[in-house]
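The data below hold one chain only, encoded as structure tokens and taken in the form predicted on its own.
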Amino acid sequence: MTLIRRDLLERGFSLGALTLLTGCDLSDSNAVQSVLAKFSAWNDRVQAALFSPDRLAPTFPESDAVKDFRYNAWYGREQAPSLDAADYRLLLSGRIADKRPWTVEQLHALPQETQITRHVCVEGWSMIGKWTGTPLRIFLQRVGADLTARYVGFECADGYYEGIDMPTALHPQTLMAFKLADEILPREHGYPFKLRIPTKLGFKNPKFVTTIYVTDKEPRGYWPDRGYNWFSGS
């Protein structure tokens, strides 16, 4: 089932339930959208309240990690951005003390660790992968980010955008992933790096990241702007 089809079905079930529960006339789009927005905001608050910075997502033995990780995007593999290491710069903005851009070489020189975790897609599939990179927490500390700010946002070379709450950004398993299965991250999976957040659904793991910003204003998200819950994690 495609993501669009699943989205339509989920919206259909939601609208049907709302008709029964609230008596909303489905022709009254503003009323329906208002109720849906309130349900979504309530879900976000519940998920945020349940989140614990000390609770780890399950990890797995290396034998469970796949070598050929599934490609997933709203566009074909051949349309994935091709970023050149010599030209790439990671831009920083917002509540960050040192906003100097970072090169791929500088990113790869950061301390790195490996995790073997499960990627869970909203489309209904999951896959275990071996990811290597730098905890986002370490990078944010290195650049003097204001860790009392509420959110961290990301902009990407393929037009994607996403944001996470600061507790998730500081979670020990939230990784700036530079490698997959011990190899430099392939182009189609987000070279030079993607966010790997095993406590979140897959669409909260942006690829081809070109900008990181720290803010007190909730960042927009590509799929949340299209009806999905913003928090989308545990």
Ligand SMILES: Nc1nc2c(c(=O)[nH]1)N[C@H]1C(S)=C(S)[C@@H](COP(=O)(O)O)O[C@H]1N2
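Start at 1 and count along the sequence shown; that's the residue number. Since this is a predicted model, take the numbers as computed values, not measurements.
Below: the form predicted in complex with this ligand, not depicted.
*Asks:* Please pick, from 107, 138, 73, 128, the one residue with any non-hydrogen atom lying within 4.5 angstroms of this ligand in the model of the complex.
*Replies:* If I apply the 4.5 Å criterion carefully, the residue I get is 73.
*Asks:* May I ask whether 118, 178 and 184 all come within 4.5 angstroms of this ligand in the model of the complex, judged by heavy atoms?
*Replies:* Checked in the model of the complex: no contact with this ligand for any of the three.
*Asks:* Can you work out whether residue 200 and this ligand are in contact in the model of the complex, taking contact to mean some heavy atom pair no more than 4.5 Å apart?
*Replies:* Flag for residue 200 set to no.
*Asks:* Report yes if any heavy atom of residue 191 sits within 4.5 Å of a heavy atom of this ligand in the model of the complex; otherwise report no.
*Replies:* No, residue 191 stays farther than 4.5 Å from this ligand in the model of the complex.
*Asks:* Is there a heavy atom of residue 158 lying 4.5 Å or less from a heavy atom of this ligand in the model of the complex?
*Replies:* Yes, residue 158 sits close enough to this ligand in the model of the complex that at least one of its heavy atoms falls within 4.5 Å.
*Asks:* Would you classify residue 223 as touching this ligand in the model of the complex, given a 4.5 Å non-hydrogen atom cut-off?
*Replies:* Residue 223: contacts this ligand in the model of the complex.
*Asks:* Do any residues of 87-106 have a non-hydrogen atom within 4.5 angstroms of this ligand in the model of the complex? If so, which ones, in sequence order?
*Replies:* Heavy-atom contacts within 4.5 Å come from no residue here.
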